[in-house]
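One chain comes next, on its own, written out as structure tokens in the form predicted alone.
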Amino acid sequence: MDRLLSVENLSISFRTDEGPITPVQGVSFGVDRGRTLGIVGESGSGKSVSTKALMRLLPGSASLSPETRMRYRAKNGETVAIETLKPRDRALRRLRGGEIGMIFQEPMASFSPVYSIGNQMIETIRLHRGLGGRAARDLAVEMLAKVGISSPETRVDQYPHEMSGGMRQRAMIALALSAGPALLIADEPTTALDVTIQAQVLDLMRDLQRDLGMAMIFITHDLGVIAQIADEVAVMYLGTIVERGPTREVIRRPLHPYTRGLLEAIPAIDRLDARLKPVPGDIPSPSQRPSGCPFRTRCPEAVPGLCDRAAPRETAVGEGRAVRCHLHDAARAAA
């Protein structure tokens, strides 16, 4: 595989009035060119914080551990050490948008309300592609048409509040793609949309990825969405990746109790009268991280005297699969 992005030992700490907290601990993953990695987990699991670190969009109160390594292979073949980039570095400005694009969960919070959609797209195109005003506007119209917005010549001059939620999300995708990134980060881009529009946006993103040959990191709390769009999946819980592997294999044979809980929480179309089965309990605060396995306080299979004493190591289970669970440590030791 052609590795585009490699993240190793990503740990993020924040300074707070109560002292430092670490919402992400020792996370490692990679993305190959043209492939999609899905990152799934409940709110508070560290998904968005991890990907914002890739864009260096974390606030000033945040810091990366010295062991963190984030390597990106740029279009010119150079390897960029993302963790070393400073806010005013020219390399960081090239990276944001031109190399890595990002779609945020709520486009109304991403678009400026005082500029038209086209104005914001044209600025991005001129910055990253070096096109003149007319050529930049033509490309903006073309990108709006590509994401399925009707009458793009008219829509390009509209403001965000003049568009529906689904149309704003499409415009957000067009804005992210207008700079021609090799990697697109989509942070829960369909959460605020109704089911019909969500399906259209997922179809659109799959088609655009195929046509443009870009890689993608897709963040969501819904394994059902991951099943439709991702080649590989990383399941996050309380700042760590507890299971990862090819999407089909993880969904067909989940190894971690948390992954099984997420799958069981998905409503079944053929059993509409069945009660929903949520994962019991709530995800703890990073400042109150349980001892041992972080999932043990909610795990139906927790082993007293084992899961509460030591954090499980990541165990390789077959080709391209890994799980962080004492049950699999014990199975490996018995074998």
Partner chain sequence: MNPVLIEVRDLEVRFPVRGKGFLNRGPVQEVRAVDGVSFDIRRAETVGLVGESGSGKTTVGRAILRAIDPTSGTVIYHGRQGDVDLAHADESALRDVRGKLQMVFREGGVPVHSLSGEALRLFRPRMSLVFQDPYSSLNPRMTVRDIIAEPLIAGGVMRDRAQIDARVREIAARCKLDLEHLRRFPHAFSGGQRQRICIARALVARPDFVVCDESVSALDVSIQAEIVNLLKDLQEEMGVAFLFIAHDLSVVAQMSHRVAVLYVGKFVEYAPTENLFFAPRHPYTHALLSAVPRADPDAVFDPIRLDGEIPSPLSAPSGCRFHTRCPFARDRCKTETPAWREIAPEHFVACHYAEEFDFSRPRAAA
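Residue numbers count along the first chain shown, from 1. Nothing here was measured: the structure is a model prediction, and the numbers come from that model.
Not pictured, yet referred to below: the form predicted in complex with the partner chain.
- Heavy atoms within 4.5 Å of the partner chain in the predicted bound form are found in exactly one of 67-75, 136-144, 211-219, 159-167, that being 159-167.
- At a distance threshold of 4.5 angstroms between non-hydrogen atoms, K86 is out of contact with the partner chain in the predicted bound form.
- The closest non-hydrogen atom of S43 lies within 4.5 Å of the partner chain in the predicted bound form.
- Although the partner is absent here, S151 is not a contact residue: none of its heavy atoms lies within 4.5 angstroms of the partner chain in the predicted bound form.
- Although the partner is absent here, V49 is not a contact residue: none of its heavy atoms lies within 4.5 angstroms of the partner chain in the predicted bound form.
- Against the partner chain in the predicted bound form, the set G292, A302 and H328 makes no contact: no member has a heavy atom within 4.5 Å.
- Contact residues in stretch 193-215 (any heavy atom within 4.5 Å of the partner chain, taken in the predicted bound form) are D194, V195, T196, I197, Q198, A199, Q200, L202, D203, R206.
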